[in-house]
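The form predicted alone is given below as one chain in structure tokens.
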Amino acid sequence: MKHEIVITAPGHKGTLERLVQEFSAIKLWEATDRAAALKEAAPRVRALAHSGHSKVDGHLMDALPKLEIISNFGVGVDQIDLDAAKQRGIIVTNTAGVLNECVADCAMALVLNTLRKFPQSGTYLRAGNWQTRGAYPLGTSIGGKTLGILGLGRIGEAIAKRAQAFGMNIRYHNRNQKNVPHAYDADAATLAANSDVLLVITPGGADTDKLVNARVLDALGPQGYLVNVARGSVVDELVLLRYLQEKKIAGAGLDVFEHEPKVPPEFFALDNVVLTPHVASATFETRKAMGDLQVENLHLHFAGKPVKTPVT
């Protein structure tokens, strides 16, 4: 007999197919009456499979009083009320570990593309400007530059290794100093002041909301670059937009935005920003590994075994 679960969103296609095949699945996004669907499932459902940007709050947890586990597709759990889950004794898991390398690849690609302006130069070529207007303007080298990593966790350390291979110097800021060979700065503004490129790879949530604000961008300065592969909420997006428009910083590479998938269209007119649609972990291999881990955590819990990647 298959265990019954609630799935909050369709998410990754292959993972959804596994969830539907291996469990008795209630697709919450398909319910015409969400409250009625939850009420009907409440006596039986012990697990929730979550993905996407919808909130998993105390109200949803209370609608499923037998809920024991929320298995999240993704490393970030800022859309899940962890305090509410802890109060109710609900385990929350994520897919930590399996996406480190791909996110680090994306981060370095954004550093390169932002400073060298490869996407803009490609557009210049395609428009015929190379023949009519001559060579594309010079970009900025990354070798010898200082990369300030805001959030030196597992992904941050993977980024640091790549950046060092490109000849960059590494500084970082965390809530707590780590036993690593990189220079430590006591706060985000100091890190920005000491960096040529400030790379954001912190968790999202209330603790980091708008951590990168006007004070930090002022410290980064008109020769500095910002790269964000964390969460859009970590950066004050409207302030960043104004600083880019007014050339108060040199440029930015952004994979995440505050109100995804909505992006302020003013960004599109700027030639000092590189934009990607939250694709840091978006490879076939990594998304499959994330889905496999989400499903594995559910099976482990139902078997009475410890989950692999607990958050709470």
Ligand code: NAP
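Numbering starts at 1 and follows the sequence shown. The structure displayed is predicted, hence computed values, not measured ones.
Form predicted together with the named molecule: not shown, discussed below.
Taking non-hydrogen atoms only, P119 never approaches the named molecule to within 4.5 angstroms in the predicted complex. Under a 4.5 angstroms non-hydrogen atom cutoff, the named molecule in the predicted complex lacks G139 among its neighbouring residues. The named molecule in the predicted complex comes within 4.5 Å of a heavy atom belonging to D207.
At least one heavy atom of L211 is located within 4.5 Å of the named molecule in the predicted complex. For the options I170, I155, A85, V216, the residue carrying a heavy atom within 4.5 angstroms of the named molecule in the predicted complex is I155.
Checking L244, V256, V56, V274 for any heavy atom within 4.5 Å of the named molecule in the predicted complex turns up a single hit: V256. Figure note: of the listed segments 37-45, 23-31, 280-288, 59-67, the one touching the named molecule in the predicted complex, with heavy atoms no more than 4.5 Å away, is 280-288. Of the residues in 225-250, those that come within 4.5 Å of the named molecule in the predicted complex through at least one heavy atom are, in sequence order, V229, A230, R231.
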